[in-house]
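Only one chain comes next, encoded as structure tokens, the form predicted alone.
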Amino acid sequence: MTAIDPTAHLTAEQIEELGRELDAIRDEVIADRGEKDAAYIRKVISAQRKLELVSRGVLLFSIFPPAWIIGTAGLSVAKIMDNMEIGHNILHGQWDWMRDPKIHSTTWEWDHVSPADQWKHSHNELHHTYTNVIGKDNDLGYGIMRVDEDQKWHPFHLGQPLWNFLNACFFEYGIAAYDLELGKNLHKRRRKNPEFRARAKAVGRKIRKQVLKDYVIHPLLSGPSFLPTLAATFTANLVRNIWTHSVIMCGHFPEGVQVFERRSIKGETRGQWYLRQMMGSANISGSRAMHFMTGNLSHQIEHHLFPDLPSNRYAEVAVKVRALFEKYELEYVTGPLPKQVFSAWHKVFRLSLPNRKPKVKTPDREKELVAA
């Protein structure tokens, strides 16, 4: 919610025309997707499974330092692939058109403590619908951070750099927590809600399954390498969590990315929804390998415009989308990973402190921001 609206120069007609042009880009990809795309995701899944199997096999001998290093590195990459390019995108329904029951959003489960069905609700239905809308998008600050200068500051916010770091280290558990909306559901009355209790039990079962696989069965199979394998698996999960958190932070939190008030989306048209996705997201520039390791979420703008398009098509779509940014004189927020990470963390630190100059707010706006 910047003082100057970066989209104010656009007329209502231009915004709807922008929407039609973006619809045309999406329709073109949908009409063209086919066997080449299907072969891509099957190849990625096969490569990930082989890498994880080999890495876990190497870690059986992790008592030897070279085996520990190779196995840990391989398992870290395999876990990132599972969560980013495979799990995240399959659960978005990007590959449902293949009608393959083994690679479908309704049947896929991932290497993550958050059950797939709960993640799809909080991410696909809420985050992608209400992108960067304060009080509606739980991904925005994960419910633990101040994300805009117009939000009322509390002393609690001084700790948000620490909260953010801890969230990064244990990110999969943080996601599971806000999928459950613990902030509001831990109230005594809501804890007794049958629906919440059922979802909490599902998360508990998933956590037990993940812990049993990573921290009990695999280390036990390693025999004398029990402790090194335990440490290797913990390290791989830590690497995956920090990498995933960094990519997502870079997609919605760098300087230049806009946030929105709840009242701003009332009566929102298709064109206005597209425009909010464009202004509420940021990209990461880099090599093809870097794009792959981010699950192509380095093309966060394109992903938010077209969340159900195959991820391997975002690079080609990005060229056309960026041209539309230029045509409509909008800022395409992008940059290399170090720059975007620094920008996001700088914002975390900056907003942990009270504003230097008090903001002037209308009574309605103040009420809305406090409620958020």
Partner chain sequence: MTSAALRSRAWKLLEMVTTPLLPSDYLDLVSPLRAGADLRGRIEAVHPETGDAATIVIRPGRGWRGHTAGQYVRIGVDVDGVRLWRAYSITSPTNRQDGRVTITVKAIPDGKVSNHLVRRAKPGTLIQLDLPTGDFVLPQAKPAKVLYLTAGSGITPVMGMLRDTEFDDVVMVHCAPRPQDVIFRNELHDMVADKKLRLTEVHTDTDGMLDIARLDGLVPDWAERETWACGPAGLLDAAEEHWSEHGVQERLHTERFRPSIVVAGDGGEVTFSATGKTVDADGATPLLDIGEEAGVLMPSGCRMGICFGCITPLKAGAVRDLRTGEITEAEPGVLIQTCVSAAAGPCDIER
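Residue numbers count along the first chain shown, from 1. Everything quoted here is computed from the prediction, not taken from an experiment.
Omitted from view is the form predicted in complex with its partner chain, to which the following refers.
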Original post:
Using a 4.5 Å cut on heavy atoms, which of 264, 105, 246, 138 is close to its partner chain in the model of the complex?
Top reply: 105
**OP:** Sort through 66, 338, 34, 57 and report the residue having a heavy atom within 4.5 Å of its partner chain in the model of the complex.
**Re:** 34
**OP:** Could you confirm whether residue 52 comes within 4.5 Å of its partner chain in the model of the complex, counting heavy atoms only?
**Re:** yes
Subject >> residue 212: touches its partner chain in the model of the complex, heavy atom cutoff 4.5 angstroms >> reply: yes
**OP:** Could you confirm whether residue 124 comes within 4.5 Å of its partner chain in the model of the complex, counting heavy atoms only?
**Re:** yes
Original post:
With the cut-off set at 4.5 Å between non-hydrogen atoms, does residue 316 touch its partner chain in the model of the complex?
Top reply: no
Original post:
Using a 4.5 Å heavy atom cut-off, are 38, 96 and 273 all in contact with its partner chain in the model of the complex?
Top reply: yes
Original post:
Hey, of 58-66, 323-331, 339-347, 44-52, which bit sits against its partner chain in the model of the complex at 4.5 Å between non-hydrogen atoms?
Top reply: 44-52
Original post:
Which residues within 221-257 place at least one heavy atom within 4.5 Å of its partner chain in the model of the complex?
Top reply: 221
